[in-house]
Ligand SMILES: NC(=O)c1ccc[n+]([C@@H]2O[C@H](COP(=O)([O-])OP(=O)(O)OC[C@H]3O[C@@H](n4cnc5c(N)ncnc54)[C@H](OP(=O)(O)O)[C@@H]3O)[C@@H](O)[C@H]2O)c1
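The chain below stands alone and is given in structure tokens; this is the form predicted alone.
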Amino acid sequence: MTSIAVIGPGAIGGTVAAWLAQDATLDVMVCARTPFDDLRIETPNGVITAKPEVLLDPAKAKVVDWVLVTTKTYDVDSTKPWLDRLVGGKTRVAIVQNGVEQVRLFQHLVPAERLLPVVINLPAVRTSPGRIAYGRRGVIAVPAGPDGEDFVALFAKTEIAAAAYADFVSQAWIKLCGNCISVVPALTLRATGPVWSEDLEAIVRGLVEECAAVGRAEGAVISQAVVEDAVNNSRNMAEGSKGGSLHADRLAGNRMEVDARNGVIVRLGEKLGIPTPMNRVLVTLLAASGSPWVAGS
């Protein structure tokens, strides 16, 4: 039996843990701050439930085959007590987080060769500990190779479509091209569709074009169609849409993953000599709004 520990059972972590727990060949535990009895996930095809072991104290954790880190990017160092207990000589650590710097953020905690970056697209919302809902099936991308293929195999009995890609870099940057737009509704507290204008489109397009330019310089293959799709998705965002986790976190007064979404574009743009004025301005404005956020990692 393959043992798996999921650190951070929020919307993504809880959903992933619940789906993996449907497979009797997998022994799933979750590492949490808040206790809960079970997981109940509302999916497009009905409700699934699971009752994994819930650990609150890292001292009680034991070495596992796989660790899945699904915390926010600003909580990296908080995972150290768990990783110190869960990671053994053969443990592999999958970093399921936003952005394009999964390995860089964790290589001071786990040797880089043991880390597997994971990109997930799953619009899930946690309503309370252990209670999560999502409206469409999730998609996972990992780098090709033995670790990636083994990770994909873990999801064989789930409704989350996992695949390994030889060009994982492009997959990560393509997702970021869509995610970087979330800074706009986080600032305006409005869905972009109902207030769409030529000026707003110029802002949104600027964010995505800058992201694509930096991604291409980093080796990603990003077609112009990716840019247009991201702009069109923003143009069609309906009234009442949450506008992504940045928007939701600002409304809730939580810290926001601005650095992983937009700050990284600015930082890498500086390094590569690529101007990123639109991302820089909106990151600065969001910081000036008084909302909690993280300037860097």
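A residue's number is simply how far along the shown sequence it sits, counting from 1. Computed from a predicted model, the values in this text were never measured in an experiment.
Same protein, other form: the form predicted together with the named molecule, not shown, and the subject of what follows.
A.B. asks: Which residue, Trp82, Phe168, Phe106, Phe151, is the contact with the named molecule in the predicted complex, using a 4.5 Å heavy atom cutoff?
C.D. replies: Of the listed residues, the single hit is Trp82.
A.B. asks: Pick from Val67, Cys31, Leu39, Met256: which residue has any heavy atom within 4.5 angstroms of the named molecule in the predicted complex?
C.D. replies: Residue within 4.5 Å of the partner: Cys31.
A.B. asks: Okay, which stretch from 158-166, 222-230, 97-105, 207-215 lines the named molecule in the predicted complex, with non-hydrogen atoms inside 4.5 Å?
C.D. replies: That would be stretch 97-105.
A.B. asks: Even though the partner isn't displayed, in the predicted complex is Arg137 close enough to the named molecule, meaning a heavy atom within 4.5 Å?
C.D. replies: Residue-level check for Arg137: no, no contact with the named molecule.
A.B. asks: Heavy atoms within 4.5 Å of the named molecule in the predicted complex: does Ala18 have any?
C.D. replies: Outside the cut-off, so no.
A.B. asks: When the contact criterion is heavy atoms within 4.5 Å, does Arg126 count as touching the named molecule in the predicted complex?
C.D. replies: Yes, Arg126 lies within 4.5 Å of the named molecule in the predicted complex.
A.B. asks: Determine whether any heavy atom of Ser78 comes within 4.5 Å of a heavy atom of the named molecule in the predicted complex, and answer yes or no.
C.D. replies: Taking the distances in the predicted complex, the answer for Ser78 is yes, it comes within 4.5 Å of the named molecule.
A.B. asks: Though the partner is not shown here, which residues of 163-193 have a heavy atom within 4.5 Å of the named molecule in the predicted complex?
C.D. replies: The stretch 163-193, when checked against the named molecule in the predicted complex, contributes only Lys175 at the 4.5 Å heavy-atom cut-off.
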